[in-house]
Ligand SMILES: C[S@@+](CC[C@H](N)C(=O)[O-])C[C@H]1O[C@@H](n2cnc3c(N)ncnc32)[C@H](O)[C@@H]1O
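Let's start with one chain on its own, the form predicted on its own, as structure tokens.
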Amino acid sequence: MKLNAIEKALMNNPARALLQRQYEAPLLKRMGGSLEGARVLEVGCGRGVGTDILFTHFGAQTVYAFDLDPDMVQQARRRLQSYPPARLTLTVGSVTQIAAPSAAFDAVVDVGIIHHVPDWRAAIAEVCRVLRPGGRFFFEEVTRHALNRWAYRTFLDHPRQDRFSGTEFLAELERHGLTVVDSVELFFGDFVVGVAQRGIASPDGAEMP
């Protein structure tokens, strides 16, 4: 689902960008380390603030970023025009049908996108598919606990069925072969933040943690 006008305004403001740079990015980096020299996928890039952080704060070598909303992609292109095409690809796309081959990325980053997806399990399956063995999934997600609050129900649009708790989100990652290496629930369980790693295949073809 695309953001409605209210949520779009909330996400596209200087306060939100400051929170990303000063709190969210440092927290995720402490949990999962830098991405120096990595090939990174960002799902739901919005206007490109997070994409810029992946280069400047995490040290990504190349970033492939997409958003479901063409207007957001256009804003991201304007913001990030200083990055050459060899390092940055921006496109319209969906996290349930990622236009990339399997095991294509060293890391995938999701900052509050998957809770907008009606079939969120399919989104996690796609994240796992495009991660190389040993690759990392950085996530910050909004849980059912938050979405059931009056403000979320009244002013924002989200799928109404099959919402996940923090525990259910982490369990689904594990079910798809993503081992959670660090996670935390914030603001009374409204958010789940963490890093998971795709298992590495053993010589017999099984996946090792």
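None of these values were measured; they are calculated from a predicted model. Note that residue numbering follows the sequence shown and begins at 1.
Missing here is the form predicted together with the named molecule; even so, the following discussion is about that form.
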| item | value |
| --- | --- |
| 4.5 angstroms heavy atom contact with the named molecule in the predicted bound form for residue 21 | no |
| Contact of residue 69 with the named molecule in the predicted bound form (heavy atom, 4.5 Å) | yes |
| 4.5 angstroms heavy atom contact with the named molecule in the predicted bound form for residue 193 | no |
| The named molecule contact at residue 130 in the predicted bound form, heavy atom, 4.5 Å | no |
| Contact at 38, 108 and 135 by the named molecule in the predicted bound form, all three, heavy atom at most 4.5 Å | no |
| In the predicted bound form, the residue from 88, 113, 124, 76 that sits within 4.5 Å of the named molecule by heavy atoms | 113 |
| Which of 147-155, 25-33, 59-67, 164-172 sits within 4.5 Å of the named molecule in the predicted bound form, heavy atom basis | 59-67 |
| Partner contacts in the predicted bound form for 1-40 (non-hydrogen atom within 4.5 angstroms of the named molecule) | 1, 2, 3, 7, 11, 16, 20 |
